[in-house]
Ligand code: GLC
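Next comes just one chain, in structure tokens: the form predicted on its own.
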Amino acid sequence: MQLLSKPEYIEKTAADRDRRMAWWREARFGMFVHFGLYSVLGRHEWAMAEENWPVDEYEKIAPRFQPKPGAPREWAALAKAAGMKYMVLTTRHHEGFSLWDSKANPFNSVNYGPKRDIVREYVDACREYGLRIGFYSSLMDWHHPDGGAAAYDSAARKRFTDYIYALNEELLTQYGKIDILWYDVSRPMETFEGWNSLEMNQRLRALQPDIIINNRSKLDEDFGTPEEKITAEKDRDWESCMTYNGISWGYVDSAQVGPYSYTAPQILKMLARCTSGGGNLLLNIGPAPDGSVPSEAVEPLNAVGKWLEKNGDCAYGRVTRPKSWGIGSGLCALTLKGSKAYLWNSIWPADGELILGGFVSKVKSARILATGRELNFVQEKHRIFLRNLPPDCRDTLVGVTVIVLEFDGEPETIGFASRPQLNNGRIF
């Protein structure tokens, strides 16, 4: 194939990005799945490096890796029930163990452990439940003999980058249409030239013309990936990837992490913040050694899914990022779509009155999203008073009630700094 220069490649991918990203921009919510030999240890997905395991000793863990048949269906079923629209699986983490029948990497789940192609089971499960398919692919590899020497030995670097390409070529040619290539940890090289990312990604895109690629191969590509934080990236698509416990991506016994695991309201708060900023939430589970979903994730995710069945309009779909907001106490976030503003409210006023500051556009109507119940309101300059709110309007699933305001046109908001000018100069 004819390879493009970096400026040409950037221009070409940008020209086609809206088409390729359309589904992703609507999806908002996905499941990350970290699963590998480290799951057997149950301490951390970086255990091999942090505990300084020799390669030959670490290989002895492989026979103990025995995920039960049908485990990926459990992940996909939960993702679907939770209202997630896509999944991303660690097909090979930094430990170098591939979860598919790889010819490039004999250290895999068909030659060791379960003697099964876990990636195939995962792909089939995603398709069964109507979920888009993402492959996580580590660039770093502690098992490969050139994984460290590639940083300073040009021959080793050539062998190693050829190996990385071969792995991804297998993944993108053996399982039909794949939606996301999710790179991670571009070490030991520090530039896209060192990784040969410009050539590699062009060749991989030729195999999967619709694929979207994240920003971790030292090229910006299609979307940013803030990790363990929710930070909107300016003028680009982004996705916050979050652990389920703030401790580990891989499996850790629930008795140890239970107190740190997210509740349904906390998950919705993350989803609200991501949606408000025009980003996605990729929430991780670390399955147990047998592939079972961690018990602490099941109930909260099911509750979130039930809530989204009634309130999904505030989360799914394209949004307009607020220029500024901070519109009322107790609000998780503000989602703007066309002429509508969706207020994610986690504190229901005891006196039946909710006051929203920061809107200057004219309100036409106010209602509860889940039920359609109309609400009484009065608008005075930049303040909206929602009065006589019925107590039975409060959400009983997770305690987050969404109120929809519809305006004459696209709602205009103002930030705190501007409000004293509209409030007779007083600072509040």
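Residue numbers here begin at 1 and follow the sequence given. Here the structure is a predicted model, which is why all the values come from computation and not from measurement.
This next part talks about the form predicted in complex with alpha-D-glucopyranose, which is not shown.
Contact with alpha-D-glucopyranose in the model of the complex holds for none of K85, K177 and D210, as no heavy atom of theirs lies within 4.5 Å. A heavy atom within 4.5 Å of alpha-D-glucopyranose in the model of the complex is found for one listed residue only; from H143, R132, R273, R216, this is R216. Scanning D313, E227, E128, D290 against alpha-D-glucopyranose in the model of the complex with a 4.5 Å heavy atom cut-off leaves one residue, E227. The shortest heavy atom separation between K269 and alpha-D-glucopyranose in the model of the complex exceeds 4.5 Å. The closest heavy atom approach of V110 to alpha-D-glucopyranose in the model of the complex falls outside 4.5 Å.
In the model of the complex, alpha-D-glucopyranose lies farther than 4.5 Å from every heavy atom of K337. Although the partner is absent here, H94 sits close enough that one of its heavy atoms falls within 4.5 Å of alpha-D-glucopyranose in the model of the complex.
Contact with alpha-D-glucopyranose in the model of the complex, defined as any heavy atom within 4.5 Å, is confined among 112-120, 180-188, 152-160, 273-281 to 180-188. The single residue of 110-145 lying near alpha-D-glucopyranose in the model of the complex is Y136, the criterion being any heavy atom within 4.5 Å.
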